[in-house]
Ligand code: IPD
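One chain comes next, on its own, written out as structure tokens in the form predicted alone.
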């Protein structure tokens, strides 16, 4: 089975588990965090077991501290079993499962599954990106003042934090600026032309791995926020449709 198909199946397994748990979790629970952790862990354990069966000996990096690792392997699976935790708790339908795989440090396949819409985004290096098996591509919006952008902010932040200052700076320049709560789906939306740009300086590898490949394979562009090289192991990401607004944002975002 190809790595892309393995990622797709693993993401779908995780999404099914999240939906099984979803009805049991509400913000009014005495300990909703505990239930979300259980859902998170159940999703990751199932994904980890599936990957161990189909890719024995591969490395594994997940948001939750479980699963097996193989530091000598040339492959590393990078998994977020629930991206968009707050949305999930509040039953806001914008969360996903993200499964990506690296080979010798390069992301080569990935899938992101939105279980609320039954939307499966996937990509493999050199093979393009798809949504439910149909090819996707980014928007052609050329300028920031015509663009809809999305930013990630840390869960806990202050009014004078760099992330908030960046948000306010772009808010005055973009046609629309949002914060949605799921980096994985934000990247998919860039890839599919639903939004024009997304940036963050607070993400973990499992938030980005699959989504970055999906953006680039769709024809978008991914760099650090200053236009430098992107690394999945550093929390510094700008993903756009690859039009001129990318340069506009790299000129604005670092200067706060």
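Since we're looking at a predicted model, the values are computed, not measured. Residue numbers count along the first chain shown, from 1.
Not pictured, yet referred to below: the form predicted in complex with ligand IPD.
At a distance threshold of 4.5 angstroms between non-hydrogen atoms, residue 207 is in contact with ligand IPD in the predicted bound form.
Ligand IPD is not drawn, but in the predicted bound form it has no heavy atom within 4.5 Å of residue 148. In the predicted bound form, ligand IPD sits within 4.5 Å of a heavy atom belonging to residue 202.
The shortest heavy atom separation between residue 181 and ligand IPD in the predicted bound form is within 4.5 Å.
For ligand IPD in the predicted bound form, the listed stretch (159 to 167, 103 to 111, 74 to 82, 122 to 130) containing residues with heavy atoms inside 4.5 Å is 74 to 82.
The listed set 153, 173, 177, 89 contains one residue whose heavy atoms approach ligand IPD in the predicted bound form to within 4.5 Å, identified as 153.
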